Ligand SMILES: Cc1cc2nc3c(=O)[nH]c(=O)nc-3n(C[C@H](O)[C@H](O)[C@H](O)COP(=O)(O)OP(=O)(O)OC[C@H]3O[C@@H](n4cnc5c(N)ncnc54)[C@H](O)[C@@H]3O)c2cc1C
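Just one chain follows, in the form predicted alone, and it is written as structure tokens.
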Amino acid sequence: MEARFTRTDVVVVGGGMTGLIAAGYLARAGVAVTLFEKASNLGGRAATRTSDGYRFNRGIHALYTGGAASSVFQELGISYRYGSPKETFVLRQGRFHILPSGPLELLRSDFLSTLDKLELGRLFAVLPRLDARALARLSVQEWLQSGVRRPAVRQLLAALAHTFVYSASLDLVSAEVFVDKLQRSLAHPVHYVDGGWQTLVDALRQVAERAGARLASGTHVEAIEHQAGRVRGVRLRDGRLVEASAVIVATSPREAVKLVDDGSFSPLREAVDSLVPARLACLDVALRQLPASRYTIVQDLERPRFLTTQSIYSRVAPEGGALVYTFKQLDLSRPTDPRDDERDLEDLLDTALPGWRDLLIRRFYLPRIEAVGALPMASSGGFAGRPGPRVPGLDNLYLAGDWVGPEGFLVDASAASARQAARLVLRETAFSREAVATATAML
């Protein structure tokens, strides 16, 4: 560790997208910020692995636009190339049908009756006016049971909910999450990013570095140093103390607790102990070419499974090759065998893309990847039930991540909390008037 890292204005712990966003905002405001990432590369769960010319994200990744992430990228000047999926099919009783995601598809759908289509059409009409926050204390299952009469429509919405909330525990997850994502998905396109999500990571890194942020990968922060209720800085694994006026922790919730809780401080541990992460089983396959099949994006109606061939819409595979992601949403109350989950995803591939095994180049199976640090639960009030960006009892320590704050889900929560943490640092820490004025104008 070089001596210049012994003092900085702000330390950001964690070099995933959350930490890079926070560092970018702070550096652009003229604050001396140093980011530490324990891994050798930046990106965290958003990092992309290249194998034989195929660019694998860590499990399925799609950017739902129209939320906090979109506004943050615009504010930071992040641009990227992308494609949007066009035609999605549902799998029901071994047959494929067009997913009715709008008026035209609704008319073409052949698995819904006339009465089913009328109810779904009415839902599409009223959905933009629903206040998702009013549903925070209802589970997805309760909302569907109370608001949807037709069984086929309820089955369709439940299947979509599995995919949107990244969980099969619809009896536990807040309906606010599902309704919020459903509203935005009908109004804004989903983006599959060219080059994988590493494209976004690299763009955020460039923004931060060009603004003057110092990014130190392969550097392990051992603990947050604090005394008398105030943060002093961070201690690195080599024993060196890096003093700072403020620290933003942009890690997983469990890692945040390890950094802060030295036995004398427990409020953060109490908050984190109540959080429930969403874990998925993901099977991702690279194929020499795509089998002769029309069913390249599939939502299973009868089991919590989803398949998408992202290489059709984004540049993540060599010319002629195909990169296919599948994932299974798990139920918190019904544990499954990871080997059975893998066979379940292989079965989905066999059904949608017969012949894929003969074209296989590479496969990655992630049996229990953590996709979300904290599921917004009905019992805790949905988004508002997540911990806030401040740590009670510790001044100048802030949190950011997909498990922090009352806004958004997945990367939207990460982006919103990172921006909010940067705002709080600039407002509550004694930096120069010029830096605060610049930050106020920018944020």
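Quick caveat, the model's predicted, so the values are computed rather than measured. Throughout, we count residues from 1 along the sequence that is shown.
Another form, the form predicted together with the ligand, is not on view; read the next lines as being about it.
Site residues 101, 178 and 297 are none of them in contact with the ligand in the model of the complex, judged by any heavy atom within 4.5 Å. Contact check for residue 60: a non-hydrogen atom falls within 4.5 Å of the ligand in the model of the complex. When contacts are judged by a 4.5 Å heavy atom cut-off, residue 376 does not count as touching the ligand in the model of the complex. Contact check for residue 250: a non-hydrogen atom falls within 4.5 Å of the ligand in the model of the complex. With a 4.5 Å cutoff on heavy atoms, residue 391 does not count as touching the ligand in the model of the complex; it lies far away. Residue-level contacts in the model of the complex: of 344, 209, 75, 255, one residue has a heavy atom within 4.5 Å of the ligand, and it is 255. Checked against the ligand in the model of the complex, the candidates 90, 287, 280, 349 yield a single residue with a heavy atom inside 4.5 Å, and that residue is 280. Note that among 363 to 371, 143 to 151, 350 to 358, 92 to 100, the stretch whose heavy atoms approach the ligand to within 4.5 Å in the model of the complex is 363 to 371.
Along 24 to 46, these residues reach a heavy atom to within 4.5 Å of the ligand in the model of the complex: 36, 37, 38, 39, 43, 44, 45, 46.
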